[in-house]
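First, one chain by itself: the form predicted alone, in structure tokens.
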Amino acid sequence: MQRTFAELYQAEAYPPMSHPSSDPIVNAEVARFLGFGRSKVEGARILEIGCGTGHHLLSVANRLRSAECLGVDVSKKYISTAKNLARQTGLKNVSFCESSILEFDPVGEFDLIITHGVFSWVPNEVKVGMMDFIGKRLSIDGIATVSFNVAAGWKERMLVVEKVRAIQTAGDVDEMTALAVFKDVADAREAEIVDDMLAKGLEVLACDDFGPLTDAWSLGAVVKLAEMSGLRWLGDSVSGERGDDLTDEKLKTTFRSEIFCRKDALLGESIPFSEQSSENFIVPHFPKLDAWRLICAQECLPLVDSKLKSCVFPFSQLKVLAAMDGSRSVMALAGFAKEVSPELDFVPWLKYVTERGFFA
């Protein structure tokens, strides 16, 4: 008997990752551009629904120290991991709660609510409940970022999944093996889709493309549900563009991340995007990762940069990063790198790490 998504999600290890499309700083900037000028990030109450092991929210809390961050997830295992990571990093502005969103009853409203991908993985009653929760718990000055798989692009993906599942059944093999077999007989478009699936890796595929429930909706359907829940659609969470279903069909769009505010919130004039100052990162004499990134290096987790983008390093390079606690000079680290990662070209690599904004 096939497991439900909830059973699969709690049993398997979904890889930790951050979500640049759910960057509160970017989302607030986009909201201002779309005429919602009251959204804030400093001192905000931030909620992430479906936070998993907390990788994204911990990265947000690490960057926005004045914010109060709360993560909720149905998995006891994931919440336990998130709480443990928060303790190790010493972050005091983030907490985690194990609960279904249908039973979740926190105190007060939130200025920013994030739900990344969860919408496409849960049954309709949870979708409705989640949107209803957002409509009731979003502050009058708040924004919510909701991402989801788009039906237009997932139609052809699911046809590929059906064919690959047949190969799995016949050969009793996992998804990655079946995809590789199918690619040999696939047409050009199907091969593109297979390559995209293979790039995700088995852990993601088991919950996403090959999950028990992959329920892709159109943008119009999501917006309609949001409106029924007392929300107003603003636009794309990164570009601010207001897409439509016809364009999604033409482009075969597979994923969207959209911003919503309360329907009773007043919109004003558009505020242009502020000029992004080019940060001049200087290589420190004694490189030091902050506590959160140091824990990530020690625990072999992706390191999240200053723009909330995840970077996965080979194990040998993680050893070098884990040694960056501020106690070793650049010269000493170069010698250490030569021992544990002899293939590493240390000087340009250190510049790259610096420019990603990893250092405290």
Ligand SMILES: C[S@@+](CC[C@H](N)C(=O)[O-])C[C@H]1O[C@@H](n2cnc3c(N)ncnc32)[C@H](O)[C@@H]1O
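Numbering starts at 1 and runs along the sequence shown. Given the structure is predicted, the values throughout are model-derived calculations rather than measurements.
The next section is about a form of this same protein that is not shown, the form predicted together with this ligand.
Of the stretches 92-100, 286-294, 232-240, 256-264, only 92-100 has residues with a heavy atom within 4.5 Å of this ligand in the predicted complex. Between the options Gln168, Ser75, Asn149, Thr81, the residue in contact with this ligand in the predicted complex by a heavy atom within 4.5 angstroms is Ser75. Of the residues given (Val173, Ala186, Val126, Leu198), Val126 alone sits with a heavy atom within 4.5 Å of this ligand in the predicted complex. Remark: His116 counts among the residues lining this ligand in the predicted complex, judged by a heavy atom distance of 4.5 Å or less. Contact between Val222 and this ligand in the predicted complex is not found at the 4.5 Å heavy atom cutoff. With a 4.5 Å cutoff on heavy atoms, Trp121 counts as touching this ligand in the predicted complex. With a 4.5 Å cutoff on heavy atoms, Phe336 does not count as touching this ligand in the predicted complex; it lies far away. Shown here without this ligand, the chain has Glu48, Gly50, Cys51, Gly52 in 24-54 lying with a heavy atom within 4.5 Å of that partner in the predicted complex.
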